[in-house]
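The chain below stands alone and is given as structure tokens, in the form predicted alone.
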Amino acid sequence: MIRPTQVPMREQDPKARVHNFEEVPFGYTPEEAVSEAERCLQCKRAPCIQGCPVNINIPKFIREIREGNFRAAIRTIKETNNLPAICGRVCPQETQCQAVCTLGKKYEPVAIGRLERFVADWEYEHGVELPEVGKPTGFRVAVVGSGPAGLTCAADLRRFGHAVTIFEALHEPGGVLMYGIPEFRLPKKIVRAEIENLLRMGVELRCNVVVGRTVTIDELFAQGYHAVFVGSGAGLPKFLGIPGENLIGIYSANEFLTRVNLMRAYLFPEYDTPIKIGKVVAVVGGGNVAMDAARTALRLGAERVVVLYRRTEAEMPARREEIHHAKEEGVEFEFLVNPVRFLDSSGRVSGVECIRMELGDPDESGRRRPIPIPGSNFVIPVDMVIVAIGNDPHPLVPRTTPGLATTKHGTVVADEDGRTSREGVFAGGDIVTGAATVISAMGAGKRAARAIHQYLLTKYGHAPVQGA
């Protein structure tokens, strides 16, 4: 008889974890993983594969777990996914592969993400197998950005046999995986291990290189690169544009999380990069970044954290799991409210004035549009605010690349396979779509790698390029 509910994953107690940055879920034991794998119906049509942006053969790897062949399971996953330990932790499986799981029509869907995490962690404990690298082709490809799109594209290009160099603007690679996602949700050792595997495959990495300033894309071509993939993400924070937003104590979520994660403020005084935390912190927004910022502020000593969101909980784009964890840890929520100005006390923020909202007809996102209720203004006293309402692509690369078309939102125009208006330049991930998920960026990186491979063979032929 099929178990109707997923095998639960053990977690840190909320009262304990709110005082540390250790990972919240502990992961499955082998026995738990096998038990969960036994719930899979092994559908012949397998809608879960179509629901996965990188098309992992999900029934196959779950069957291998069920049979206790964990090595075979991770090999199956890595046929299409180069970052399984990361995806198993932060990928929104509940809206992708698990959303179309046949078992989910009657019971809880198979916990595909938890099983992916299990075999990825198992491999790290028992020895990582690197994917096979193709014979050298003589072609050189530059990858701009070391986030999920860039890492995936680089790995697949190496598997085709191309020489790949990643250019990263910051001092440590990983992009949003390093600076945006907190340690308690994605341990940095996991990201570093995945990147180390990429380097062992022969990918070259150059940090502290700001493409568009240190070197331009035109100069990369002049240096002998045959194609360029732009995966520079969306790291330019959006702001509310209301009075008082420049007061001391108001951060963008981008700055706040970067200082905590990449600069290790959470390890003060071991790392001398502290960040001042208010007693009462307001977080504006309803996505995963807002949840990350709110939960991080609590761990750094805030006495009270309040999330301000202009719609209801049902419309929040954050994962249900992240909202649940935030509530368990003591984060408060004010729904149907929107800030209209910040209050000033000697140059520091002392409060946020909000207006209450009601939901009208759906907007272009499909969610009901929030409408202000006249005369409903009220004030919440705070001494710190984190604005987490999204990010835009940084304009540096498009502005310094002649002939590269962009949209009115600043994203690079590219087709499904990442081809841009500039020959030899491909793009994918948040720089094309705007802020999205890790796995969607990875899917874009994979498609672009295939397109780059075809482009190189078509333009230059199968023989190695002389002098490359």
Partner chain sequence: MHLIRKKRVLGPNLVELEVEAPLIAAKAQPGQFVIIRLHEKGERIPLTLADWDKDRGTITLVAQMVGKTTHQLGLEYDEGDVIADVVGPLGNPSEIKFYGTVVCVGGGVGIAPIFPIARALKGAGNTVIGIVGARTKDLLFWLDRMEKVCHELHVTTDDGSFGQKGVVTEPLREILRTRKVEHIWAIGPAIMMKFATLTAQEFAVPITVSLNTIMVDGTGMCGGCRAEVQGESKFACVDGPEFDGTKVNWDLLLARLSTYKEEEKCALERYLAQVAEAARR
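Residue numbers count along the first chain shown, from 1. This is a predicted model, so every value here is computed, not measured.
If you look for the form predicted in complex with the partner chain, you will not find it shown, but the lines that follow are about it.
S.K.: Even though the partner isn't displayed, in the predicted bound form is residue 371 close enough to the partner chain, meaning a heavy atom within 4.5 Å?
M.R.: Heavy-atom contact with the partner chain at 4.5 Å: absent for residue 371.
S.K.: Should residue 127 be counted as a contact of the partner chain in the predicted bound form, where contact means heavy atoms within 4.5 Å?
M.R.: Heavy-atom contact with the partner chain at 4.5 Å: absent for residue 127.
S.K.: Given that the partner is absent here, does residue 160 sit within 4.5 Å of the partner chain in the predicted bound form, heavy atoms only?
M.R.: So residue 160 does not count as contacting the partner chain.
S.K.: Taking the partner chain as it sits in the predicted bound form, is residue 225 near enough to touch it, meaning that at least one heavy atom pair lies within 4.5 angstroms?
M.R.: Looking in the predicted bound form, residue contacts with the partner chain do not include residue 225, since no heavy atom lies within 4.5 Å.
S.K.: Taking 206, 213 and 396 as a possible spot, do all three reach the partner chain in the predicted bound form with a heavy atom inside 4.5 Å?
M.R.: Yes, each of 206, 213 and 396 comes within 4.5 Å of the partner chain in the predicted bound form.
S.K.: Can you pick the stretch from 356-364, 111-119, 241-249, 88-96 whose heavy atoms fall within 4.5 Å of the partner chain in the predicted bound form?
M.R.: It is the stretch 241-249.
S.K.: Looking at 131, 138, 317, 237, which is the one with a non-hydrogen atom within 4.5 Å of the partner chain in the predicted bound form?
M.R.: Checked against the cut-off, the match is 237.
S.K.: So the partner chain isn't shown here. In the predicted bound form, which residue out of 187, 330, 351, 274 has a non-hydrogen atom within 4.5 Å of it?
M.R.: It is 274.
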